[in-house]
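A single chain comes next, written as structure tokens; it is the form predicted alone.
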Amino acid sequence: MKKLFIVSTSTIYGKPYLSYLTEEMTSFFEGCQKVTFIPFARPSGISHDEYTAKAAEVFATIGITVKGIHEFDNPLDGLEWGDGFFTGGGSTFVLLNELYNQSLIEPLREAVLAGKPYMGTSAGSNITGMTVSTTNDMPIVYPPSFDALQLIPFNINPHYLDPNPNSTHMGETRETRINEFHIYNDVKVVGLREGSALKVEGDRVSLWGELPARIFEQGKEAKEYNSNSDFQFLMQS
């Protein structure tokens, strides 16, 4: 049974990296002793080793050992080694491009569908959907395809922002951009606000966090759904 923790962001204002998630991570990764970290989303500013060490430090506090997939001579060995997976944030296009370059899309998908838990934040959440076409990132590299892991039959828009009524900015809002996506695509999109996440267990999906999610469907008005809502319609492609 697939098990996903699809998180909008790794860090919320005023708190250290992943700290607001550690209690939920403990429950989510119950039974896991080793987690394979996928650090490919960071194109600059921090090395894969440094990024992995940052994640490993947090996971150590909940009794889990972390190794970066880049540390294995064969990345498929990294997928085999981990009892579960964590993919960090950064550039969605860089992340997806590297997964394609290393022929990891299908093996990673198969491993998760076989039951290994998968947690992603930001870019790591974007790749759980059908495509990465609703990311906020600039396409600084061009992956072979925008098709993602397709672990869920909808798309994610992490870091979803509501319009600021006091702003003088006259450009497009996130909602405008997602509506533009729906001119050409009939794929549901979940706008995840900061501090929010989706939990998927098999064909069941629920919202984690205090804020509602904003859900977009082609030809319909966007709607707000709180954690008590029924999200099963999202799993219908």
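The numbering used is simple: start at 1 and walk along the sequence shown. Fair warning: this is a prediction, and the values are worked out from it, not measured in the lab. Basically, rigid core = biggest C-alpha set you can superpose within 1.5 Å across the two forms.
Just so you know, the form predicted together with another copy of the chain exists too; it's not on screen, but the next bit is about it.
Think of it this way: in the predicted bound form, another copy of the chain has a heavy atom of just one of S103, N136, Q150, N74 within 4.5 Å, and the residue is N136. Proximity to another copy of the chain in the predicted bound form holds for none of S125, P163 and L207, with the criterion being a heavy atom within 4.5 Å. Picking from 6-14, 225-233, 21-29, 210-218 the stretch near another copy of the chain in the predicted bound form, with a 4.5 Å limit on heavy atoms, gives 6-14. Remark: M130 does not count among the residues lining another copy of the chain in the predicted bound form, judged by a heavy atom distance of 4.5 Å or less. Although the partner is absent here, T121 sits far enough away that none of its heavy atoms falls within 4.5 Å of another copy of the chain in the predicted bound form. For P43, a non-hydrogen atom is located within 4.5 Å of another copy of the chain in the predicted bound form, even though that partner is not displayed. Looking at H70, you'd find every heavy atom of it more than 4.5 angstroms from another copy of the chain in the predicted bound form. Contacts to another copy of the chain in the predicted bound form (heavy atom within 4.5 Å) from stretch 177-209: R177, I178, E180, F181, I183, Y184, N185, E194. In this overlay on the rigid core, P43 has a C-alpha that sits 2 Å or more away from its partner position between the shown form and the other one. Note: N97-P43 Cα separation is 3 Å or more longer in the predicted bound form than here.
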